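The chain that follows stands alone, in the form predicted on its own, written as structure tokens.
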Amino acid sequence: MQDCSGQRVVVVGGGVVGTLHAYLALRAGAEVEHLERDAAPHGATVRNFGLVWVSGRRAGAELALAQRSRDLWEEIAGEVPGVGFRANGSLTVVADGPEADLARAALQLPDAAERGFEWRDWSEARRVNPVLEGDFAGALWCSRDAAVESRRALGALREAMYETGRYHYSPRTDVVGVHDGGVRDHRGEFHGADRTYLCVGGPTHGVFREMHEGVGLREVHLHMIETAPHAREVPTAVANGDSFRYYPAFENLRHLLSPQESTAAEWANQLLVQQRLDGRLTVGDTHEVPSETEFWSSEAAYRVIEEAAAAVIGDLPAIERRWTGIYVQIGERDDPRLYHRAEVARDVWTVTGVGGRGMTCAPAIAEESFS
């Protein structure tokens, strides 16, 4: 990273990408002003599993970005334990037949060892994660997958940044103008800096909409649920074989799969389960592209999620929360672009379009901004 000693950095956006830009700028010696339009971030950053998901990333640049981020998360957790990093790995549970065939084929990928892929037969998988139920052929183990506590991490990072004496956080500050050398807020105040980073995860309003026209940003709609605390520890993240359909690491092996079950396909559903530190399970998710006129979430989508989870881990604890989230990604699902960065005014850069890889890749994306 570049030495930013003596520089002033403004970061717009309090989500994970913006917060990691602020954190790494401070690490590099800068004075940082951090602007967030809401009282606290409540978008995709806090509506996710907290997964640092190396296993599904596309070979090449995307995997390298995820691997670097995974190492940075672990490093940052050594400085700020409150981010809740744990190297718990993942098990993708597969049925006998095409799913198991694909899982075994994934072991032959050139980067399988780099990802920490190993095969676990069903008895071995249940020894690793005793909560697993059902009758499956086995599971694809990924030792490099990890997690952070997404709803606590940003607050913990802000507290650590305050301690430097070089960090100022301004919630409820809406940026309405972008100019050479800085931004202007809704009160008319100009925030000038040597470097300004616009880390607005959903740039679909006001000045940000105009700035990103023609870039190819696309909204994806997620349905997720959270249960009461589980009576038992769920020691790994859990996925099902439908994950192979949605993660680009497996794009050259998808021909091995049979068609997805129709209801799951309707909602572009894959199962992910992650236990939070308080014992609750976060379970999801769908990947539909919402209609611009719809404001509701469908109960049918939640039923698909619950049924998929029950097939793998049995009866769920009582459901306490349901929510939807919208993340913005660049291009279609298999677009090779990882995110959008562009200088939109002198010394002002936008960094957005990270999509579903935000929690996984935010530290390395921020590091690239200061390279």
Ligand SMILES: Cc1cc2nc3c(=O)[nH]c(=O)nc-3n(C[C@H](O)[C@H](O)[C@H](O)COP(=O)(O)OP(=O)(O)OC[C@H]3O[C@@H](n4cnc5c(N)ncnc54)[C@H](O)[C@@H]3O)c2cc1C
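Residue numbers here begin at 1 and follow the sequence given. Everything numeric in this text was worked out from a predicted model, so none of it was measured.
As for the form predicted together with this ligand, it is not shown, yet the points below apply to it.
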query	finding
Residue contact check: Ser297 to this ligand in the model of the complex, 4.5 Å heavy atom	no
is_contact(Ser69, this ligand) in the model of the complex, heavy atom dist at most 4.5 Å	no
Residue contact check: His205 to this ligand in the model of the complex, 4.5 Å heavy atom	yes
Val200 within 4.5 Å of this ligand in the model of the complex, heavy atoms	yes
Triplet His42, Phe49 and Gly356 all within 4.5 Å of this ligand in the model of the complex via a heavy atom	yes
Answer option from Arg37, Arg58, Arg333, Arg27, heavy atom within 4.5 Å of this ligand in the model of the complex	Arg37
Those residues of 8-27 which, in the model of the complex, come within 4.5 Å of this ligand by heavy atom	Val12, Gly13, Gly14, Gly15, Val16, Val17, Gly18
